[in-house]
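Encoded as structure tokens, the following chain is the form predicted on its own, with no partner shown.
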Amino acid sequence: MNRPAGNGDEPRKVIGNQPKTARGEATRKAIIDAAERVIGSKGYYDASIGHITSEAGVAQGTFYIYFKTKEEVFSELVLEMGRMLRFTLSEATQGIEDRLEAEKAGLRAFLKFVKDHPDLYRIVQEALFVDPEAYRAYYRSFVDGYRVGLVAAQEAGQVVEEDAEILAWALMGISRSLGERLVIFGTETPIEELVTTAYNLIANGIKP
């Protein structure tokens, strides 16, 4: 999940009610942030709206101003985490013309993001069962942007002329697996060492 299309200013699909004031936006964000922590620690089915509002420091009635159900805030959380991650990666790779260097910078930024958001994997994986459409949209958004970047790199003669979508899924798989090793399996390997080893694989393959 290394390099999304655009600069983070993508069209924003919002689930639930959109606030009309800065204060409302801050409250809505506090609810989503609380949902990340609560659902990340308890799981979707054991988390309740009461848990989320308590964590956010708001009344339960306030929750219903912005979301109708727990499923709705969960779906918005999945989409929001995707937006945050794509923006982070876009910022990390902005201005890097060499595709391989962009891969390295993107992988580094991805691993730092998942270290700061260790519940990302649990939340996205639960979306497969709670909201399959949000799950597919999460990954589809990365694949679509990744493919565009790879096609541009192919046209510039920077990467191999293979199916760009297959390449995108394969490269995303490297990032995802290393992220899991980092935050789920708790590796003590420094991020920079993970990046260096993976980059050598991406750039040179596994031939001796």
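These figures come from a predicted structure and were not determined experimentally. For the two forms, the rigid core is made up of the largest set of C-alpha atoms that agree within 1.5 Å on superposition. Numbering starts at 1 and runs along the sequence shown.
FYI, the form predicted together with the DNA isn't displayed, but the following is about it.
Checked against the DNA in the predicted bound form, the candidates R176, R37, R147, K70 yield a single residue with a heavy atom inside 4.5 Å, and that residue is K70. The partner is absent here; in the predicted bound form, the one residue of A152, V160, A59, A170 having a heavy atom within 4.5 Å of the DNA is A59.
Exactly one of the stretches 178-186, 138-146, 160-168, 62-70 approaches the DNA in the predicted bound form with heavy atoms within 4.5 Å, and it is 62-70.
When contacts are judged by a 4.5 Å heavy atom cut-off, I32 does not count as touching the DNA in the predicted bound form. Contact check for S54: no non-hydrogen atom falls within 4.5 Å of the DNA in the predicted bound form. Proximity of S48 to the DNA in the predicted bound form falls within the 4.5 Å heavy atom cutoff. In sequence order, T21, R23, G24, T27 are the residues of 21-45 having a heavy atom within 4.5 Å of the DNA in the predicted bound form; the partner itself is omitted from this view. The Cα shift for K29 between this form and the one not shown, taken after rigid core superposition, is 2 angstroms or larger.
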